[in-house]
Structures are given as C-alpha cells and as structure tokens.
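To begin, one chain is listed below as structure tokens, in the form predicted alone.
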Amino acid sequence: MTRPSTTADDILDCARTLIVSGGYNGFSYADIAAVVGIRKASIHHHFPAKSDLVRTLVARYRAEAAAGIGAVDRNVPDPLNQLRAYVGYWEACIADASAPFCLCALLACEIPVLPADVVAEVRAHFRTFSGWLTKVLARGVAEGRLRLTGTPEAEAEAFLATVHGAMLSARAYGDPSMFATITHPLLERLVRPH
C-alpha cells in the first residue's frame, strides 16, 4: 500500500525533475512554487534553505537506490545477472525518459559549487554503489562467472564510471540507444568463457 503524497513529497519530486533537467543552480523555489502550485513560503516551511531541500532529496534518492540494490540481491542470485539488472534498470529509465540521468551523477559534476552537506550525501551514494559492485564482482569471480582484469575495487569504479558515462553520452547524442551501445560490451567483457 502506498502512502498519499504530501506537499514535501511534491516539492522533492519537482526538485528532482528540475535538477535532472538543469542542475543544482538551474532552479529556484519560485520554479518549484509555480509547478507545485504553492507559495515560496510553503517551500521554506518544509525546507528552509535550498541545501536542505537538495540534501533531503539526495538522502531519499540514496534510500531508494539502497532498496533497489537490496531487491536485486534478494531476487537475482547470479552476480552477472545482478550487473545486467543494474544496467537494465538504467537502460529502461533512459529509454522511456522516466529517469534519464542518475541524480547523484549529475550532482557530482557540480561538486565544486555544492554545499558541503549535499556533497557528503552525493559521495555516500557513490561509496554505496562502489561497495555493492565490488562485492558483486568479487563474488562473480569466486563463483567462476566473471573475469576481471583488475581488482574488484578497481573494476567496480570502472563499471560505475562507464555506466554514468553512458548516461552522459546518451544525453549528449540525444539517443537513448547510446547507453546500450556502451554498456552491453562492458557486460560482455566481464563474462567468463565456459
């Protein structure tokens, strides 16, 4: 059962859309007020400063992402298929434009201008995914399913960077299929031949 949306949820959802479209400095409370249909004072009531809003948004995004990888861990036992599920999630989101870019990857590009509390949340997101990918890759090697050319830690960072770079390429070319063009060979390189 889903809970009904609150004003704070509507504000966060709107902020997420605006950040993915134009970045941290690409929106204001006036933009959110116009979309959500509330006054700026209402936004300040929930989130006194823009950094509070974006930090809360990233924390919520991180919780959603952690739940997603938890579901993959529970429902997809094979390490290679876990990697495919992760890539497949983003491929579908980019294709249907439901989430065409990772919020934290986008914000990472803006770290020099972000408030420190937002930077901490963004970095924590990357550490979470890097740690998860490291475990998946290490388990895949131990089970004889994957082959790596470097350590699981280095391969996890390269995998994460490639996925985020593929998002950027899909956006730059205006072609969602570019994501698969880049990520499918990445997956195939990891498959250990039988």
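Sequential numbering from 1, following the sequence displayed. Predicted, not measured: the structure shown is a model, and the values here were computed from it.
The next section is about a form of this same protein that is not shown, the form predicted together with the DNA.
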Since the chain is shown here on its own, which stretch among 148 to 156, 46 to 54, 60 to 68, 132 to 140 would lie within 4.5 Å of the DNA in the predicted bound form, judged by heavy atoms?
46 to 54
Determine whether any heavy atom of residue 27 comes within 4.5 Å of a heavy atom of the DNA in the predicted bound form, and answer yes or no.
yes
Would you please decide whether residue 162 lies within 4.5 angstroms of the DNA in the predicted bound form, comparing each non-hydrogen atom pair?
no
Evaluate residue 127 for contact with the DNA in the predicted bound form, applying a 4.5 angstroms cut-off between non-hydrogen atoms, and reply yes or no.
no
Is residue 168 part of the interface with the DNA in the predicted bound form - any heavy atom within 4.5 Å?
no
